[in-house]
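Only one chain is included here, represented as structure tokens and corresponding to the form predicted alone.
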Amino acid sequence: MGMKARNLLDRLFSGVGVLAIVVMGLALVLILAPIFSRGAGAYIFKATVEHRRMLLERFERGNAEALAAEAEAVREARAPVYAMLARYAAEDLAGLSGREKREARQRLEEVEDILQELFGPMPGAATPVLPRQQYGATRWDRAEVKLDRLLYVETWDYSDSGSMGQQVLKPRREEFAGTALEPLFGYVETHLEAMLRPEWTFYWGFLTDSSFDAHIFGGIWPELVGTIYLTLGAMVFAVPLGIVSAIYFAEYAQEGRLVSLLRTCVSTLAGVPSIVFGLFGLAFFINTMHVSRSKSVLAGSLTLGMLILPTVIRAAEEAIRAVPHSYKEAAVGLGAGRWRTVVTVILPAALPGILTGTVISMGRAAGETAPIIFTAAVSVGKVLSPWETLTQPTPALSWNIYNLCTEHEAVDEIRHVQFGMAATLVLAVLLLNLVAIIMRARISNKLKG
């Protein structure tokens, strides 16, 4: 092969490499940008007076005097709405009978339900049991959605026989034309800000508060703590066992059929689907070993530890093999035994690579869902104390993201919670990787210096 052909191939491979890096970077941006942009809405948003009332009553945070003054102003702004409802019920509705009255009553109840979602219980009504019914719209973006539902009725046009129907939004005002309730819709649309008083806020409590009413209110503190428990528990199990196994493979094992079989087993475990590890953890750690009576953080940590163990072994073994052979020769020449050489010379030199593999494994353990479904995770729970982790299950970010996106009854109301959890989890994994990079660089510099 001529020199020109070699140079051309070198440039071609370099260009392909640069293109691959650019494509990966763009893919990463396209994936993470929506997560972080929408996840930021869980922390930074326009909070209404209902949100401030909820924080004061549930978490005892806020200025009670300022909130009382706000509540009085809001009460005055909402008074005409309730007056129109009362006048409609006393005058227009009372003058109807039979089927017309039932239909009018049904339309009125729809309006009242939406107004309760916006402003909370009607004056004089009994306090509802569910917290979500005790407060109105706590976020301005959701209030705007509810306003659209108040102003328009969703209908379907089937006039075109060749289609499956077309959605049509019909002004709800037309249903109450000529009645005392007709001005209500224009009034609410015009004075909604005065009735909810939205203000930009940074809700740091999303990270430190516990949730209540199935994540309708509050934060993700129990899920965050549960994720930390599970991740640290997995590392406590996997890292020592993985490093010891790597030392055996790299320094003590004699190549043969048994060692080849063990390496094959490790490689096979690295490719086993995570859901299989979850079933294994349920069958072995809970039903056979009885580490706990049912789901627990301990069982989940052991399962996650088994999941990441092959990664830790491979990363540690490669790091140990990458240590220059001259280090071992120098230690042996000074009279050090094999174990002393491994502990005092090889492991410190291999520490940057071992640390990198360990942190990558931590990121995977933090983000896994399937292994903890059967062994550790619950949808709702409190923050566990360290000794409760041996017997009790816990919420976790990965499982709760899946659960809130697929099984929650008010999935549209808590989109900000879903994306906030996802953004927090991704950010935690990125921070772990950043810490690994910084620590590896510092350790490498100390070894060189």
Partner chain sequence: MGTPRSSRQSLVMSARANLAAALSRWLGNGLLLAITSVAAIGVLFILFFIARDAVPFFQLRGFKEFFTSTHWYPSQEPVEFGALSIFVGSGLVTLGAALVAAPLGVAAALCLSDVLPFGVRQAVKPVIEMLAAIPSVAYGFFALVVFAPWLQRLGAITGTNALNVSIILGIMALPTVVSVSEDALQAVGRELREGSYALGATRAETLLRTIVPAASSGILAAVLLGIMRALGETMVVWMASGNAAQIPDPWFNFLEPVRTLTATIAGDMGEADHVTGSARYHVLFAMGLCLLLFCFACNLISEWVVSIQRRKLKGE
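Remember, it's a predicted structure, so these values are computed and weren't measured experimentally. Positions refer to the first chain, counted from 1.
The same protein has a further form, the form predicted together with the partner chain, not shown here; the description that follows concerns it.
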Of 170 to 178, 124 to 132, 221 to 229, 287 to 295, the segment with heavy atoms within 4.5 Å of the partner chain in the predicted bound form is residues 287 to 295
Given that the partner is absent here, does residue 419 sit within 4.5 Å of the partner chain in the predicted bound form, heavy atoms only? yes
Would you please decide whether residue 398 lies within 4.5 angstroms of the partner chain in the predicted bound form, comparing each non-hydrogen atom pair? yes
Are any of the heavy atoms in residue 405 no more than 4.5 Å from a heavy atom of the partner chain in the predicted bound form? yes
Spell out, yes or no, whether the shortest heavy atom distance between residue 7 and the partner chain in the predicted bound form is within 4.5 Å. yes
Among the candidate residues 184, 362, 313, 302, which is the single one with a non-hydrogen atom no more than 4.5 Å from the partner chain in the predicted bound form? 313
Select from the listed residues 269, 86, 236, 145 the one whose heavy atoms reach within 4.5 Å of the partner chain in the predicted bound form. 269
Stretch 249 to 278: residues contacting the partner chain in the predicted bound form, 4.5 Å heavy atom cut-off: 249, 252, 258, 262, 264, 265, 266, 267, 268, 269, 271, 272, 273, 274, 275, 276, 277
